[in-house]
Ligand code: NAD
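Below you will find one chain, with nothing else, as structure tokens; this is the form predicted on its own, and questions on how it binds or moves follow later.
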Amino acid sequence: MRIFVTRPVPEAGIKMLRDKGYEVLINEAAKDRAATLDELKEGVKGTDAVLAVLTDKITAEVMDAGLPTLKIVANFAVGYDNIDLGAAKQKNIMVTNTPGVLTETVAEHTFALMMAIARRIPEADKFARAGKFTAWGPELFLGTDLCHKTLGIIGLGQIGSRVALHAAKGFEMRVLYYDPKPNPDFEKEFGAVYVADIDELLPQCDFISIHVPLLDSTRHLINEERLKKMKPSAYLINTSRGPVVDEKALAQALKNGVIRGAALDVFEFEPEITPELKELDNIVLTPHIASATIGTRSKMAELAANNIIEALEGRTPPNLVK
């Protein structure tokens, strides 16, 4: 069996595949960038499986280059909007993802962003490094408390639920949430309140944290109109998918004081970042690293490898999405 890995991933997953006797071909040229279309098409030729990362678009054209041998595309991510599911179904190619293993890590990063923007940590760090700190001051870098504030969660999946746990149990925050359907057990455990309309949720919250997949219905879910519904003192946090937020509208909202701040780990035109955002001090930007811990990324590689092994040995992969 031959496995094509679109970009280098942690060795734990590669070792699992090689221990099974598979030939593993890694696109080393794409270590610090997305794979090109030509690299993907050339790499999948004659392979039985592709281990893909979310930066690489596995289109119908790419899948065709792997036929007739290609049996599975194992995505190194929870989301799979980089894969043409319709084409995969038509060509009888399995698609899997890596859910669960990164839930806690992403939730932690969400809170790291929340605390960084609320307490103005990047601003203060830059100030201190520049030698501008000459004395303690009563009004120096005044920020916002998290404790006892209201957190609005948009999308109550595994990650959103874990963020709620940290908020309610760790910071005694009031939790409101929006999701296509209410979760009475969740409400009972965390004292959370279900809000059926995003437009009713936004004005009630001091912090908004987004945890939705990228779908046609969620693209620009947060736009100019909805930013104006938020409190002027509110903060927006996004660790889901970049295009969920209209970045140009966000830049204007931050510049004009429509909201107080924002923190993004994902971007609308990733890896490009809207230039206006980079000029602002009231936003924290991290380069899509919410799941970036040694332990979590290794587990993701192992999960993707296991999906491939199960598929190639004639069993149903545990994380089949199609």
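Residue numbers here begin at 1 and follow the sequence given. Everything numeric here is computed off the predicted structure, so don't read it as measured data.
There is also a form predicted in complex with this ligand; it is not shown, and the following applies to it.
Just checking whether Ala65 would be counted as a contact of this ligand in the predicted bound form - the rule being heavy atoms within 4.5 angstroms. Because no heavy atom of Ala65 falls inside 4.5 Å of this ligand in the predicted bound form, the answer is no.
Does any heavy atom of His148 come within 4.5 Å of a heavy atom of this ligand in the predicted bound form? No, no contact at 4.5 Å.
At 4.5 Å between heavy atoms, is Thr47 in contact with this ligand in the predicted bound form? Because no heavy atom of Thr47 falls inside 4.5 Å of this ligand in the predicted bound form, the answer is no.
Tell me, yes or no, whether Pro243 is in contact with this ligand in the predicted bound form, where a contact means a heavy atom of each within 4.5 Å. Answer no; every heavy atom of Pro243 is more than 4.5 Å from this ligand in the predicted bound form.
Pick from 163-171, 185-193, 123-131, 207-215: which stretch has non-hydrogen atoms within 4.5 Å of this ligand in the predicted bound form? Heavy atoms within 4.5 Å of this ligand in the predicted bound form occur in 207-215.
Spell it out for me: taking this ligand in the predicted bound form, does every residue among Ile159, Tyr178 and Ser291 have a heavy atom no farther than 4.5 Å from it? Yes, the whole candidate spot contacts this ligand.
Using heavy atoms only and a 4.5 Å cut-off, determine which of Val78, Ile237, Ile72, Leu202 is in contact with this ligand in the predicted bound form. It is Val78 that has a heavy atom within 4.5 Å of the partner.
Just one of Ile26, Val53, Val266, Leu254 has a heavy atom within 4.5 angstroms of this ligand in the predicted bound form, so which one? The option sitting close enough to the partner is Val266.
At a 4.5 angstroms cut-off on non-hydrogen atoms, which residues of 83-111 are near this ligand in the predicted bound form? List them in order. In sequence order, Leu102, Val106 come within 4.5 Å of the partner.
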